[in-house]
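Let's start with one chain on its own, the form predicted on its own, as C-alpha cells.
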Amino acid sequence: MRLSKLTAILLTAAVLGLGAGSVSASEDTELKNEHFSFEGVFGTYDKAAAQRGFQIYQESCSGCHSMSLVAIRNLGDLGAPFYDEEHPNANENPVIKAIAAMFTVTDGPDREGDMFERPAKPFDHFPSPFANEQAARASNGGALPPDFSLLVRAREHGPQYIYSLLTSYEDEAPEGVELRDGMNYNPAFKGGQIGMSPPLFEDLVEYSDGTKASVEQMAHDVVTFMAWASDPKMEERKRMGWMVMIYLFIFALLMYGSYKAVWRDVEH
C-alpha cells in the first residue's frame, strides 16, 4: 500500500510538471477565454501562428519592447517558429541568417578601445530599441515597456491577459470615467487606463500566407510568439514529462509484480 501511494504521488507530480508555466486567472479583470494550441498537457506551439506573431513583433512592437533573453538563432532551434529540418543547425538556417541581417548590434571595444556597430549574426541577442532604461522611460512617458521574453510568464494567466489587453481598447471611456492626459481606456487593464496606445488595428500587416490580419488574429498570433519566447523549451519539457510518466507506470507495475511474487506464499 505504501508503494502504491508513493507511485501515485510521483505520477501526480509528473502530470503537474507537464503543465508547468500555467497560472491562475486574474482577479482584477474579466479576461476573454481565447484558446491557444500550447495550452494543456498535450499542447504544442502553432508554428504558423508563431511565425506570424514574429512578424507582428517586428513591424509593430519591436520599436518599444525589447526581447533581451532570446538570441536570433533561437528562432531556428528545434520546436522554434523557424526550425528547418534541412538546416537543424540554426546558424546555417537561411531564414535565420536573413533575420539576423535585419539588425545591427553594438560590439567592441576594438583595438583602439572604441565601440562599433556591425551587422548582427545568428548568435547575437535581439538588440534593444533603447540604449538604456532611462532612454526607454523618457520615450514612453516614464513607463518602462516590458520585455517580450518575459511578459507572458510575468503576468497572471498570461496568454489570456495579453490577448484581452490587445483586443479590448475602446475609443471612448464609459460615462463617469475621466481619462488622464495621454491615457487610453482599456477595461482589461487594471484601473482601465493605460498609457500604451492601441498597437493593433485592422490590416496592420500583410501576412504572406494570406491570413486575414484582423485585430483578433494578430493578437492571437503575437501572443503565441510571446508564449514561445517566454518558454521556448515547453514542448521538450512536456515530452520529458510523458517519458517520466511512462517510466513510473512501468516501474509501478514491476514493483507490484515483485510485491505479489515475494509475498505469495507468506501466510497472514
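Note that residue numbering follows the sequence shown and begins at 1. What you see is a predicted model; the values in this text were computed from it and never measured.
Another form exists, predicted in complex with a small molecule; not displayed. Remarks below refer to it.
Although the partner is absent here, Pro146 sits close enough that one of its heavy atoms falls within 4.5 Å of the small molecule in the predicted complex. Contact check for Ala227: no non-hydrogen atom falls within 4.5 Å of the small molecule in the predicted complex. When contacts are judged by a 4.5 Å heavy atom cut-off, Ile56 counts as touching the small molecule in the predicted complex. Mapping the unseen interface onto this chain, Leu166 counts among the residues with a heavy atom inside 4.5 Å of the small molecule in the predicted complex. The candidate stretches are 89-97, 104-112, 151-159, 118-126, and the one lying within 4.5 Å of the small molecule in the predicted complex by heavy atoms is 151-159. Shown without its partner, this chain lists Leu31, Cys64, Val205, Val70 as candidates; in the predicted complex, only Cys64 has a non-hydrogen atom within 4.5 angstroms of the small molecule.
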